[in-house]
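Okay, so we've got the same protein chain twice, two forms, each given alone as structure tokens, structure 1 and structure 2.
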Structure 1
Amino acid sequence: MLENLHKIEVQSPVDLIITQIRNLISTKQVLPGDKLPSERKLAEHLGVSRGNVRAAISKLEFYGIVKVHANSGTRVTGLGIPALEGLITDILAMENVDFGSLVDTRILLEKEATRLAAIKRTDQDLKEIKTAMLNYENKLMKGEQAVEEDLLFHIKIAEASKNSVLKSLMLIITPDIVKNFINLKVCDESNNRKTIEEHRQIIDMISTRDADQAEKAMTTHLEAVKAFSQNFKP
């Protein structure tokens, strides 16, 4: 009997409001550059409190959809209406992203980061990467999970690439990776020794500034993760 009950979609007030405002924009009732209705009017029309409208607009500003000007108004930014069609929902939906895409994209970013790191790393970078690696190994030796320490090792490499955007994007997808790893219990204890060896090889190649080999080592390291993820596709 219970299987006939459908899961209730809890949709927070602010998400509802965001949807409404998006409609306002995509139906061209508000053009880019135009002012959004004031927070008070929005609140009254939507039948919610101004605080909720405020929170929704705050999110919208995060996504770069609108720009609030103190005491003056909130304007829709120039990024054209057409692009907005699916934009907001897509970014919001990133939370429920499929693991395969996540791993593929991670590999793409990390390969490039490793290549660049081999070329542009400073001695200080190398030192920090090694420290991160040791932190990972130590935690592993104590028999604890070390997903976060592992990720930090990779982020340090991205840092050494001197490409700030590359690093930022890695930071953005990192929480999702951590979440999925823990959910799926990816951490295979038997692979620890192999992982440690692969890390050391990557560092060696970065250390000797061999970009091609560094990228190759990282690719090898990540392909195992990808193979694993494919076994868990729903």
Structure 2
Amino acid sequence: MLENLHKIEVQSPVDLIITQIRNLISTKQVLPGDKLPSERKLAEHLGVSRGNVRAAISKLEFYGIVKVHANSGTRVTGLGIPALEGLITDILAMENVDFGSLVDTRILLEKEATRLAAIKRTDQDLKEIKTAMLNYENKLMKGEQAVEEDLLFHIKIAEASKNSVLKSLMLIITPDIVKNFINLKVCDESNNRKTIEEHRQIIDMISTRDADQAEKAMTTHLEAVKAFSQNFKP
């Protein structure tokens, strides 16, 4: 009998807020440029804390869905709508083979993004990649999870590739892979040191514009992701 029962997934208030805003955007009830209600009004209307609303807005801004302006509130940008679809897609409900294919696709995209970044990156791109890396390292050194910082490091490399389609595809498929990989693996000190060293090696190769070695460094870095997908049990 138990095999016919499905595990119940309880969504957090933050996820539910994001889902509702996504629905407003998808049904065109909210358009790019439109202003969202204030945190206080959203919290009161939804019956949640302002902290939950703030966390949801922060995540939406991270993925480029909204932009928070200090003096004029939060407005929908529409730029990251594909990322929003990827963010809340129930990837974990996929069969093992599908999840593995998803990871394989991510690896292909990341390798090409890194190769192109080494060729096309600007000094500003390199600065932003390094900043993302340092933010990731600082979070790890505090003993905190750095899921979004790790994702942003990879997205900054994709931006440096100057291929907007490649970046959009990565935004769609990568967030849930990164989140679950980091949340479920054993993040001990040795793993953290290894990841940091791999990030630095990637940056070194992008900095010297060595496309082949940059791609090779990213391939090495993603070996753990590949191994994770092979052992993944939804």
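Only a predicted model underlies this, so the values are computations on that prediction, with no experimental measurement involved. For residue numbers, the reference is structure 1: its sequence is counted from 1. Throughout, rigid core stands for the largest set of C-alpha atoms superposing within 1.5 Å between the two forms.
Student: Given the two isolated forms of this chain, which one is the form predicted together with the DNA?
Tutor: Looking at both copies of the chain, structure 1 is the one that matches the description.
Student: Would you say whether Ser72 is displaced between the two structures, judging by a C-alpha shift of 2 Å or more on the superposed rigid core?
Tutor: Superposed on the core, Ser72 moves its C-alpha 2 Å or more between the two structures.
Student: For Ile202, decide whether the Cα shift between the two structures is 2 Å or greater, given a superposition on the rigid core.
Tutor: No; that C-alpha moves by less than 2 Å between the two structures.
Student: Just checking, between the two structures and with the core aligned, does Ser168 shift 2 Å or more at the CA?
Tutor: No: Ser168 shifts by under 2 Å between the two structures.
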